[in-house]
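Just the one chain here, the form predicted alone, laid out as structure tokens.
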Amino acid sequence: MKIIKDKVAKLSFVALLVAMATAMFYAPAASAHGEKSQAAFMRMRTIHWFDLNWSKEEVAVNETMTISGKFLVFAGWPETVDKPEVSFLNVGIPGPVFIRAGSWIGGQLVPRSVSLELGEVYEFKVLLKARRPGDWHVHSMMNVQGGGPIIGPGKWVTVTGSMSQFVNPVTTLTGQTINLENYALDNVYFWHAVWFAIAFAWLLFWIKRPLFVPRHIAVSTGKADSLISAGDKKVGMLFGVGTMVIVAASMASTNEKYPVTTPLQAGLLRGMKTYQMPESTVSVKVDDATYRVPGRAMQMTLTVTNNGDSAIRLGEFNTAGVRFLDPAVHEDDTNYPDDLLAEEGLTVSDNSPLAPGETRTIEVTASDAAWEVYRLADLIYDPDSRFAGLLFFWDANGNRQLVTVDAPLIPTFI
């Protein structure tokens, strides 16, 4: 019976090793991202991305493209999400299909985390270099410490060519030019092989001993001391001492070979330059907001006052990257992603020009399948069911004004 138990235990251990190896070396390709799975309130009430531009829809390996635009750090940031006091401008892509060659906020290079202020607008740009061929969904994204990644709108970009041709040359502080794509790759393989061999030898040593079931029985019956012999202790000490010797020797060798090193930079950049939007002369009060579930439409009752000197009209409602337009006022000419653009999705009860000094109450409807496709309608099931977004008004000369809105959202099922 004991022999059978040992064999079963050993076979189970081998199966576990095979499963671990499969998980390590098999990685199925990813074709898109999980932005739809991110809570609707996270996308609506944190970072509002607008005026986005993907410079190219097709690039070859080693060619560059940019994502640029603006984002507003919403003043009504949800209490359940840490404030963006430590944030990092990033991109959402399925693995290293591009490399981020540089990123800027307000014209300043931001290779590290930054501190953002609530209620402010920032201009940004991210420079990407194509690495792996395929069709990839490329998103803007902001990583917030304690809040996680806040993903923005994404667009499909095609990368052509061969990954074997990719190079990533950089010049070190000592003047040496290296290719980061394969720099010291043989050394990486060597040390991985060394530590895998040591770990495998350690596991093999214990495979010959009684494994899971016999050990459990021994421990349960108070015979745990019998499981480890004096020879086992000597082997354990040998592995421990050998590991420390290898680490010390390799560290000394590395310091001798690379005497000039600098630590990774991890400071926080503060005082980022904000983007000054034209001062808004429009005030908006949300009197009521409902989401009609059968019609996949949000309806708002707004009281709008024009305090400026020129007549204005409402042309766009932007929330969570989805844009609802009134084509009679504004049409998109930026080649924005089709699935995020409702070109005729905004309906206003009275969208005639609002004269200077005039106040008007209007019914605004934002309708499109994107409410369900991008799971924005899930907001009605949150314990704090509030929506937020950006309203854009235009005058006859094409001047634009931005107004933020934030209010409770009540669902209707009829």
Partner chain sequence: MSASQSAVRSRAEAVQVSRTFDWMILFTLFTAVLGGYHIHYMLTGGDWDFWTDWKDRRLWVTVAPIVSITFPAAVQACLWWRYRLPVGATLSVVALMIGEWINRYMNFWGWTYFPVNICFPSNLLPGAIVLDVVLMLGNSMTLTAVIGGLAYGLLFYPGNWPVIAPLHVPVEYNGMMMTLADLQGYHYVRTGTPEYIRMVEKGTLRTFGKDVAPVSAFFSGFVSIIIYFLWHFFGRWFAKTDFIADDAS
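Numbering follows the first chain given and starts at 1. Small disclaimer: the values here were computed from a predicted structure and weren't measured. Here the rigid core means the biggest group of C-alpha atoms that line up within 1.5 Å when the two forms are laid on top of each other.
Below: the form predicted in complex with the partner chain, not depicted.
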Picking from 339-347, 99-107, 298-306, 319-327, which part of the chain touches the partner chain in the predicted complex when contact means heavy atoms within 4.5 Å? 99-107
With heavy atoms only and a cut-off of 4.5 Å, decide whether residue 294 touches the partner chain in the predicted complex. no
Using 4.5 Å between non-hydrogen atoms, is residue 172 touching the partner chain in the predicted complex? yes
Decide whether residue 275 counts as a contact residue for the partner chain in the predicted complex under a heavy atom distance cut-off of 4.5 Å. no
Are any of the heavy atoms in residue 145 no more than 4.5 Å from a heavy atom of the partner chain in the predicted complex? yes
Just to confirm, with a 4.5 Å cut-off on non-hydrogen atoms, which of 165, 80, 254, 160 contacts the partner chain in the predicted complex? 254
What residues in 178-207 sit within 4.5 Å of the partner chain in the predicted complex, counting heavy atoms only? 178, 180, 181, 182, 183, 184, 185, 187, 188, 189, 191, 192, 195, 196, 198, 199, 200, 202, 203, 206, 207
After core superposition, I'd like to know whether residue 288 moves between this form and the one not shown (criterion: C-alpha shift of 2 angstroms or more). no
Aligning on the rigid core, do we see the C-alpha of residue 166 shift 2 angstroms or more between this form and the one not shown? no
